[in-house]
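Single chain ahead, written as structure tokens, the form predicted alone.
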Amino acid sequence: MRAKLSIIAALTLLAGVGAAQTRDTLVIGFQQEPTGLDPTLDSTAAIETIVAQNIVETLVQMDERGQVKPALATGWTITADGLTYAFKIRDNRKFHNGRKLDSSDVKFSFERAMAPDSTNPNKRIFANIATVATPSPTEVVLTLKTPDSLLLFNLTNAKAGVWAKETVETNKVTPVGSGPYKFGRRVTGDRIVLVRNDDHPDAKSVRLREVSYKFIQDPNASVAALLSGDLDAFPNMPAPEMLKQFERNAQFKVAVGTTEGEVILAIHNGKAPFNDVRVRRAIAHAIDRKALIEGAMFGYGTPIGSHFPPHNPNYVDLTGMYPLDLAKAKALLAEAGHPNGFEASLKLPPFPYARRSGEVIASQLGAIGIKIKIEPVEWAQWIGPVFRESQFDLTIVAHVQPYDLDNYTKQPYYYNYNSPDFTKLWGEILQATDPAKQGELFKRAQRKVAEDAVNGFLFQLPQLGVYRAGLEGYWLSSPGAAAPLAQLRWTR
């Protein structure tokens, strides 16, 4: 009997040791170090990836399938005319500074974004809001000027997050939200650390006590860090050529999904010679997407012919609008007055997909006489001179927000496309209440920007994730820039 009790005691002790050793920390590899952590000040996708659904909460959020779900709002109603949205707000949220969140914080956050002096990168999504009313601490009513069929999708964006008035001045450095994770610390040039918010109502289901984002820009260093154990995951692996190696390694899982990122060869439409549609169409005829995806992405990625993701039910395949035809491309250049081609610069941000694609694109355009000077730039130089000041000829970047065809209505915007017809069409999309009609309008919008060859449409950026075996709860694909941490867990 005593021997039996000893065995039971030993097994119990071993079980206790196993439980004690259950991991509750995670180190995620991240290529781009964000300049700050306030998405209302900067459109950099890396900021939203870190803070959305983790530090800051929104009225509504997207799930992995891209469907709008409740978040701070438990539910909502929309009037038949599409002009009034009434949200019921949860009564159990506190900001990380301990103050209770209520409807007045939603009103403050939205009116701040709507203000004439607002610096919110997505200020335009608030422009159609006429009033924000708060009938009670748990009710918010938005009244619109005109119907907006994409309002709920837009409100999932971290730029529509709910913030405390008393902390907005310091959110860039130490963001304070109401989410399941709090800002812990930042080591500039190395990492950002988030810690579990034990005061969050869902804290008991959040398994990871601490999550670090470690910044590693070099693809080879990323591989080495995973293999050495310095990293547990790299959700957007910058070295696609190494995925086969990780697939053969039992210590890792490789997950290949998709993103909302349309990789484009952005063209300065307001600058000669690119303000001539014939030149832009010549560029389109010179692009060999298959060779580009093989050369730059080792076969990972889906060709696109317009600014719209292939996984969307309203996608129309326009990759055949400009088939690879070098003779046609040269003829268009000659017709536009450039029989011998011309010189142009291609400014490339530091992402491997951009740098590698740039080398291939430069070669392909060289075949029709466009002599490309490649200019690698760091992210701050891309955001400033290229994106904000339009100081470029050509550049390559992925646009990662859902339904961001509305970029083609923005004035000013970095690629300087100005089409009243497209702007009118987008207005019809926003006011369409019938899904079938809206779908047809989306298809017309895709065709319009393709016909105008606004940009060179290259491929849909894949999500190439490498995860240490035993980690579960990650999203295979990214329906937006958010990457929620609350469901991540170690199973062994």
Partner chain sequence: MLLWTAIHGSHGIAAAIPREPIAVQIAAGAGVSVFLFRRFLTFLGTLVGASVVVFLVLEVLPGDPALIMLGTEAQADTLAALRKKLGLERPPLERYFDWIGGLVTGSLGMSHTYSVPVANLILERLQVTVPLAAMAITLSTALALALGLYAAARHNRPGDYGVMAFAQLGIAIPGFWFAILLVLLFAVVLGWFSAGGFPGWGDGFWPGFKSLILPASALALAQAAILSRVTRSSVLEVMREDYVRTARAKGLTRRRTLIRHVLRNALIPVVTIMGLQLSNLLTGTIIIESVFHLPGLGRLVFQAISQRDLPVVKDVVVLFAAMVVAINFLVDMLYAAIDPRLRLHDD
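In this text the structure is predicted, and so the values were computed from the model without any measurement. Residue numbers count along the first chain shown, from 1. Note that the rigid core is defined as the largest set of C-alphas that superpose within 1.5 Å between two forms.
Beyond what is shown, the protein has a form predicted in complex with the partner chain; the following relates to that form.
- Remark: D452 does not count among the residues lining the partner chain in the predicted complex, judged by a heavy atom distance of 4.5 Å or less.
- Although the partner is absent here, A233 lies well away from the partner chain in the predicted complex, with no heavy atom inside 4.5 Å.
- At the 4.5 Å threshold, heavy atoms of H285 stay clear of the partner chain in the predicted complex, well away from it.
- Interface residue remark: P121 is counted as part of the site for the partner chain in the predicted complex, having a heavy atom within 4.5 Å.
- Partner proximity in the predicted complex, defined as non-hydrogen atoms within 4.5 angstroms of the partner chain, places exactly one of 455-463, 51-59, 425-433, 35-43 at the interface: 35-43.
- This chain appears without its partner; in the predicted complex, the one residue of N220, T131, S363, S205 with a heavy atom within 4.5 Å of the partner chain is N220.
- Checked against the partner chain in the predicted complex, the candidates Q401, T258, T319, S149 yield a single residue with a heavy atom inside 4.5 Å, and that residue is Q401.
- Using a 4.5 Å cut-off to the partner chain in the predicted complex, not one of A71, V176 and D199 places a heavy atom inside that distance.
- Along 173-212, residues V173, R186, V187, T188, G189, D190, R191 each place a heavy atom within 4.5 Å of the partner chain in the predicted complex.
- After superposing the rigid core, the C-alpha of L142 moves by less than 2 Å between this form and the one not shown.
- Relative to the superposed core, I383 undergoes a Cα shift of 2 Å or more between this form and the one not shown.
- In the core-superposed comparison between this form and the one not shown, K159 has its Cα shifted by less than 2 Å.
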